[in-house]
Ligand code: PMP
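One chain is shown next in structure tokens, namely the form predicted alone.
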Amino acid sequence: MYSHRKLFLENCAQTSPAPMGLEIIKARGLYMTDVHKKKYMDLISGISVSALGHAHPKVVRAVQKQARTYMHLMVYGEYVQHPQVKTAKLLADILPQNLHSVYFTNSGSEAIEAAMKLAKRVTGRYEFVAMENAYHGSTQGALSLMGNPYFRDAYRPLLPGISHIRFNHEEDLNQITRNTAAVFCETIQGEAGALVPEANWLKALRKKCNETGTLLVLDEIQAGMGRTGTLFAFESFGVVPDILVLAKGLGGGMPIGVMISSAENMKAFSHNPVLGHITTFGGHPVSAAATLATLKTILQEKLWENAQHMEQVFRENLKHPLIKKVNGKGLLLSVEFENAALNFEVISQCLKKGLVTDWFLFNDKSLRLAPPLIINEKQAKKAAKTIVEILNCIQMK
């Protein structure tokens, strides 16, 4: 088969000096096949996107059916579109009562931007607090919240009124005041290396927000949809946000994001000005149909339970002197090594042996493990065994 690699490098804008460059021609379930017919086990799910694996039959059928019925109709919010309505209703049914009004976007970054605007309107404030080593997206507002200066400083000036505090440090919560519109926090920090919060810290954060009239926005773009062992990650920590942001795995491979809050809060977008937040393609019918199929499948199969079990399988089988520790929760895990050089060597060797892994933006000495939620015990053990064998070879050099 003719390779498009040369055209890829020439005509597709590159944001990495060394793109992975896999030329995939087919993907099914846990596996991807390249132009040379080599199979790869996908251990990152397109960065936590393909929650049900690639081309899940129920998602494919939903997409095909909706594409035959209708696709784009009108700017968001003007027509009653059944895939949107059914998806919003199902989300409202499985979330706490204060999270029952769904605003659809095209991506997680866009949902974060919408949450920033909503928090300003609801509170009448404009200051935000975010976390060090937080990642919320690359658009200008989301970038301003980003907690890593290396990735944001080249794009200054950023939005004003944003400060950053340390994740899991209770003393820093005093920086949240009655001038703070919202605190943006990943329930589990993804790009920091699957960093899990202490339950007491997250409860203290919720308490501080209550005391200051500040909205708590939890970003579960990576951690939600069953990936971390509960349907929504916040369920593990005894807190409920004022605004919840989901994306990635929500669409089962199709682009979608949602910002969820109360109907009372969402009304702020309907006046002064009218159409206070709009998006042309947000909640596209085909993406919404894929989302509905994905969500129903996760619920029916209780895939968060599989994520819990597979976490234990990986932890039990990823034992080696070169592994410092395994961090994370469910199927959002990081394998920590002594340094970045070793990590990148392991990632490179994994690719040669048909395992697609990755590093974390803010933690380059840790290897990302975020496979589809459908991975089984045999596949998880095989992946872990391959990583350990690679480490044995490196250790013997």
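Keep in mind the model is a prediction, meaning the values are calculated, not measured. All residue numbers are counted from 1 along the displayed sequence.
The same protein has a further form, the form predicted together with the ligand, not shown here; the description that follows concerns it.
Interface membership of residue 242, defined by any non-hydrogen atom within 4.5 Å of the ligand in the predicted complex, is ruled out. Contact check for residue 221: a non-hydrogen atom falls within 4.5 Å of the ligand in the predicted complex. The ligand in the predicted complex comes within 4.5 Å of no heavy atom belonging to residue 265.
Not displayed here, the ligand is approached by residue 107 to within 4.5 Å at the level of heavy atoms in the predicted complex.
Residue in contact with the ligand in the predicted complex (any heavy atom within 4.5 Å), chosen from 137, 285, 197, 253: 137. Contact annotation: the ligand lies within 4.5 Å of heavy atoms from the stretch 129-137 in the predicted complex, the single such stretch among 129-137, 305-313, 199-207, 144-152. Annotation for 237-262: the only interface residue with the ligand in the predicted complex is 248 [heavy atom within 4.5 Å].
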